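Encoded as structure tokens, the following chain is the form predicted on its own, with no partner shown.
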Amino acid sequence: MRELRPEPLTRDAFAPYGDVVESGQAAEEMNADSFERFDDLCRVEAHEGRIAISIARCRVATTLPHRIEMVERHPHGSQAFIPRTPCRMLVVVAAAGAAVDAAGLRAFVSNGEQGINYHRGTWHMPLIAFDAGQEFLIVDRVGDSPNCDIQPLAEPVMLLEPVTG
């Protein structure tokens, strides 16, 4: 079985698959200078539908190692997950395309304050969390047509703990 160890989540490394959602250096002042505003943090896409904002709450915590048997993609829109409280996120992705091979999977670990936005069509494992009750803000496309393709992997992949340095 192939093993996959997450690498640090950075804007450059994740760019082929989506956007890293985090505050940065360039901020605008707002509300009489009482807030900093970080604009345009990800590219939200919606084809034949509309953008929805939702919240997901983890009911069953995940432990590592974690067996990945399938991936999914959203052909009609992007999908963002932003933790509502600081937490480590692990994401597994592969380039958009008709199908995905397990050899093309990459794994990333957040720094605890980052969210992610999958570009339309990016293959990814379903959302996992390490604590029951953890909540994520979701920004994605809703509409009348289905927006989730699922592909079983020919061989499962084992997601391991990230290397700590």
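Counting begins at 1, following the sequence as shown. Everything numeric in this text was worked out from a predicted model, so none of it was measured.
The protein also exists as the form predicted in complex with a further copy of the same chain; that form is not presented, and the subsequent description refers to it.
Although the partner is absent here, Ala129 is a contact residue: one of its heavy atoms lies within 4.5 angstroms of a further copy of the same chain in the predicted bound form.
Among residues of the shown chain, Val44 is one whose heavy atoms approach a further copy of the same chain to within 4.5 Å in the predicted bound form. Although the partner is absent here, Ala52 sits close enough that one of its heavy atoms falls within 4.5 Å of a further copy of the same chain in the predicted bound form. Within 4.5 Å of any heavy atom of a further copy of the same chain in the predicted bound form lies no heavy atom of Leu9. Of the candidates Ala96, Leu137, Leu64, Ala102, Leu137 is the one whose heavy atoms come within 4.5 Å of a further copy of the same chain in the predicted bound form; the others do not. Within 4.5 angstroms of a further copy of the same chain in the predicted bound form, the stretch 32 to 52 places a non-hydrogen atom from each of Asp33, Ser34, Phe35, Glu36, Arg37, Phe38, Asp39, Asp40, Leu41, Cys42, Val44, Arg50, Ile51, Ala52, taken in sequence order.
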